[in-house]
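A lone chain, given as structure tokens: the form predicted on its own.
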Amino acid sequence: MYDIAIIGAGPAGATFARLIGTKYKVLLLDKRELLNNEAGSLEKCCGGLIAPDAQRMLGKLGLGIPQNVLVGPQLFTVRTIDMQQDIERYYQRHYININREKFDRWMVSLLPSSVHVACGALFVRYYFEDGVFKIHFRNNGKEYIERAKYLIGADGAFSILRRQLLPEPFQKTYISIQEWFQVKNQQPYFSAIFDDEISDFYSWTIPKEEYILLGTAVLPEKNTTQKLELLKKRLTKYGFEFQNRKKRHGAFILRPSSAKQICLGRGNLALIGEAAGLISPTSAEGFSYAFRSALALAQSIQEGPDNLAEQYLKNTKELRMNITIKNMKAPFMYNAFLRKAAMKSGLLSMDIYA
């Protein structure tokens, strides 16, 4: 029997396991193969940019990203394009550009040897009986059952664990679609693109070595593919070319409209990262929320193991307030009139000499 079972070995799950792994008997499950250096088939649909808030958390956690995880170019500028109103501005913001798969492998490599990591393990369901969680998962075609006192969900926006706990949708859900194109001439910017005809959220481009990533977050409707094609077509006006596509993937993204939509779990079952709905409602940035919630839960389980839910709620107060503040700022990005006024003013923007 384990003290703690964690579903998901992404940044949230791996960070939590690292912080508590020497003090508890821990089982960490992930459907991906993260224990070797060979590229896996289950690639995370992620832009792979570490924003300043997440950089601060990495520093707080005492971590520095190794060179082999980095990819070029490193980015210092956001190119903001409002296609509806044909306005664009450049803003200074520093992102660390990474290979997301290598980043996750690196995070897992930091775990203490006392953590039992089961890769290729597909979580199926859980039962709570006699004060213990019984966790069912499949690995190599066989079904296994393990027991644990605490069960932690770190399995992302489409969390099976959360959906078993809360069957009804609790946040607005988008489909993130991202395509990789091989290019000769790279634009050294992270582009944030707004067009209400495509999405009431936003779209993006990210350079990665000889590739450019094109992505959008759209509501799950029948014309999802058509919206992506419209995005490509309209971006040609701004100097982009999308001709040599190499791969395409997708994922769900949650967008909390208030802190009340955060689901932290119940009793000895806790959710961290996007499984809890902790993600920026303005940019869909998730790394910082993954790190912060993992740290908050690690502190909670050490401070109040017999009253985990109450302690975790207390330790995530600032994190939940952060969601509220970002929602207050959202109209300046996602209301067409206010966005136009802000961009037209040129406030905080900069000129580019290239």
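The structure presented is a predicted model; accordingly, all values stated were derived computationally and were not measured. A residue's number is simply how far along the shown sequence it sits, counting from 1.
What comes next is about the form predicted in complex with a small molecule, which is not displayed.
The small molecule in the predicted complex comes within 4.5 Å of no heavy atom belonging to L295. Although the partner is absent here, A270 lies well away from the small molecule in the predicted complex, with no heavy atom inside 4.5 Å.
Among residues of the shown chain, I301 is not one whose heavy atoms approach the small molecule to within 4.5 Å in the predicted complex. The small molecule in the predicted complex is approached by R100, whose closest heavy atom lies within 4.5 angstroms of it. Of the residues I323, V26, V69, C46, just one reaches the small molecule in the predicted complex with a heavy atom at 4.5 Å or closer; this is C46.
For the options L122, I145, L219, L110, the residue carrying a heavy atom within 4.5 angstroms of the small molecule in the predicted complex is L122.
From the list 181-189, 246-254, 229-237, 80-88, the contact stretch for the small molecule in the predicted complex under a 4.5 Å heavy atom rule is 246-254.
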